[in-house]
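First, one chain by itself: the form predicted alone, in structure tokens.
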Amino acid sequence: MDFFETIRGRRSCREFLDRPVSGKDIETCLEAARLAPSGTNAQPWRFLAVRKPELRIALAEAGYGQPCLRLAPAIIVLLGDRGIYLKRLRRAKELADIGAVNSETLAAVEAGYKKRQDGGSGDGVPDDVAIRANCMLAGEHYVLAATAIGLGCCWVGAFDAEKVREILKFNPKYNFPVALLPTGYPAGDLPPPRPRYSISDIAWKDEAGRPWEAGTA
């Protein structure tokens, strides 16, 4: 599928066929997620693929009974990983090794990271907001890959995080759930696209509040 065709064809799929999703197809989507960009190449994400019926039922309950979670044959749980993120300064040094930044820039990056930890306290607590932002880049890669190979998917952000942790038994010191991604084969036609703002509504040119003009050279 063409790249822009994939983007235009993506929908939030909430109804799925009673048909299993193969491990091969899940792996194809995870490979796309693996290639997502992240700040200093930290890659602070984990994807927990859930296909066991009893776990999916429990996750649907943790997601307040949303039908898309109950119907999906697979639920991918997108987790932030604080443990990996703590290694980001090491990854930042890789940028210096390849000449992308100089030593002064690297020192400024390190100082900025330390200020951002726990709202600037510098006590070594990772910045969950930055982790979440990186995870969402990888998550959208997953969703678009699912669209490209004919699967349906939906971003679900409404769930009881503590219940998700209890079900999947990950260590809350290092991992926290960012989203649930129910995945499967769409049942029937996907809904039509919902309205989107025009480019001039969302983009400015050279200064805040000056709309981008269509056809700008």
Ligand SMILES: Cc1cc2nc3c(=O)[nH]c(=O)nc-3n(C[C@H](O)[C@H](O)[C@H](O)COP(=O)(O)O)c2cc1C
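The structure presented is a predicted model; accordingly, all values stated were derived computationally and were not measured. All residue numbers are counted from 1 along the displayed sequence.
There is also a form predicted in complex with the named molecule; it is not shown, and the following applies to it.
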Requested in this report: Report the stretch among 156 to 164, 52 to 60, 25 to 33, 39 to 47 that approaches the named molecule in the predicted bound form to within 4.5 Å, counting heavy atoms only.
Outcome: 156 to 164
Query raised in the report: Would the named molecule in the predicted bound form be within 4.5 angstroms of a non-hydrogen atom of every residue among Ile75, Asn134 and Lys173?
Result: no
**Report entry** Arg196, heavy atom within 4.5 angstroms of the named molecule in the predicted bound form
**Finding:** yes
Query raised in the report: Taking the named molecule in the predicted bound form, which residues along 20 to 44 bring a heavy atom to within 4.5 Å of it?
Result: none
